[in-house]
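Okay, here we've got a single chain as structure tokens, the form predicted on its own, with questions on binding and movement later.
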Amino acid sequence: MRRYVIVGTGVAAVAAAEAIRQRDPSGTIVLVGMEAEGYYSRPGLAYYLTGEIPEAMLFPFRDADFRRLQVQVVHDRVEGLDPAGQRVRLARRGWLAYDRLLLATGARAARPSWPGVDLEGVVYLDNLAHTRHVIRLARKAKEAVVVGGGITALELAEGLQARRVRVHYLLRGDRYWRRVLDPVESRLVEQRLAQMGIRLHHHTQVAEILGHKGRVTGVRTQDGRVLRCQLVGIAVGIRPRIELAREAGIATDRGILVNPYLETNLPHVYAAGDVAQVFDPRLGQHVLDSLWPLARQQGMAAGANMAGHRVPYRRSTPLNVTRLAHITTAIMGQVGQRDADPDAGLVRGDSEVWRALPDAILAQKSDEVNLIRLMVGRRTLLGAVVMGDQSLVRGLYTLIDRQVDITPIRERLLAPDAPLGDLLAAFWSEVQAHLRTAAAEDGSPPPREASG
């Protein structure tokens, strides 16, 4: 009877446990994690912070679900690995043996080295405990400074504003999230933030966080200004938790390097989720993602392989349907900007694939509330950003993910003032009909679409 040890209690870890149990009804599965809350929805934290959902809605799994899967959950810290002896060392319980080991340790928020970063009132939105802390401090705070350029920074700014805290949002460049969004998209988000009452400060970086008696009192910027506040929200990137792997001799780069079967360079040791650096055949390199759906896919694939079902992980096109300043936004495939900051790190809800500079021609259509940007390759669509109306997202995603030949409409997509929405909707209807006919003839499943 095999013993499976999974380090982590996030979505990749739980997906792996489900996949293992589907294939091995008698093996022992042990999940080891530090967070007392166990498994919860990391994407849901933003909506919990704004007050749109109660905390109870963050938990897709309950104790009964783990009992049904016959999964043992251990709240402990893994202090070391012994790959030769096939065991892990726990802080309180000593050594735990395994036959198969999965590292699903995720990533942590990056901590800047500014003076004052350890003051009470400096907050992150990295986990449920952090979010509870932000909510508690926001009850007494009047003003906050938020620093960072990605999705999590915006979640902090919007969440604090929703809790009646006046927010200063600091951007070190000339616009929001320039590594992924283009100028039109960035300005649309910034306009909405300004309408919400959030004050933006471009070309502004922190010199130090000011405090008195251990508590935040303000921020001094590099140009000498002082912004008074009681909270400083930081979201300047994430770092995969690779320390255990590196100390054990597992090959790492920015994350833990894995092969198509999610295996590391050591036998019987796997990795999945935010910590895993997976090879992308389209880019020809290993990349990191911090996306809930991809973490779940990786966990499912890793669990299947751990249980002996030898199947390569098919890395789907990264997709995130999120909300930026109350604008529903879908980002998929390669959408990188050539004038982007090369030093910008990965943030939560992000993918390194998005930052890849595609060999493509831009096609864009926008109005006051909706926007479509397409990265049009020689024969296929390489990426897209859709803001506002999301009715095209499922079709667009399938066209990109399956690398459907768009030659029949390519020139029309690139024409000045092209009605992109109408062209794509009509073309997607034709593609759907063709794929369904082909599926019916050979018995294959219908085309896979985005889950949204």
Ligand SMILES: Cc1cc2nc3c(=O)[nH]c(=O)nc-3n(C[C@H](O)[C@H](O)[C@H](O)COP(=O)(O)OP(=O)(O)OC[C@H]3O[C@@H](n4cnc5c(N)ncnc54)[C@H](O)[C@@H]3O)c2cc1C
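Sequential numbering from 1, following the sequence displayed. The structure presented is a predicted model; accordingly, all values stated were derived computationally and were not measured.
There is another form of this protein, the form predicted together with the named molecule, and it is not shown here; the text below is about that form.
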Legend entry - One stretch from 42 to 50, 423 to 431, 379 to 387, 408 to 416 that, in the predicted complex, holds residues within 4.5 Å of the named molecule by heavy atom: 42 to 50
Inset, instruction - Let me know the one among Leu154, Leu137, Leu125, Ala301 whose heavy atoms come within 4.5 Å of the named molecule in the predicted complex, would you? - result: Leu125
Legend entry - Contacting member of Asp76, Glu263, Asp280, Glu190, with respect to the named molecule in the predicted complex [4.5 Å, heavy atom]: Asp76
Inset, instruction - Mark Pro83 yes when one of its heavy atoms lies within 4.5 Å of a heavy atom of the named molecule in the predicted complex, and no otherwise. - result: no
Inset, instruction - Report whether the minimum heavy atom distance between Asn320 and the named molecule in the predicted complex is within 4.5 Å. - result: yes
Inset, instruction - Spell out, yes or no, whether the shortest heavy atom distance between Gly237 and the named molecule in the predicted complex is within 4.5 Å. - result: no
Legend entry - Proximity of Ala12 to the named molecule in the predicted complex, heavy atoms at 4.5 Å: yes
Inset, instruction - Note that the named molecule is not shown here; using its position in the predicted complex, name the residues of 28 to 44 with a heavy atom within 4.5 Å of it, in sequence order. - result: Val32, Gly33, Met34, Glu35, Arg42, Pro43
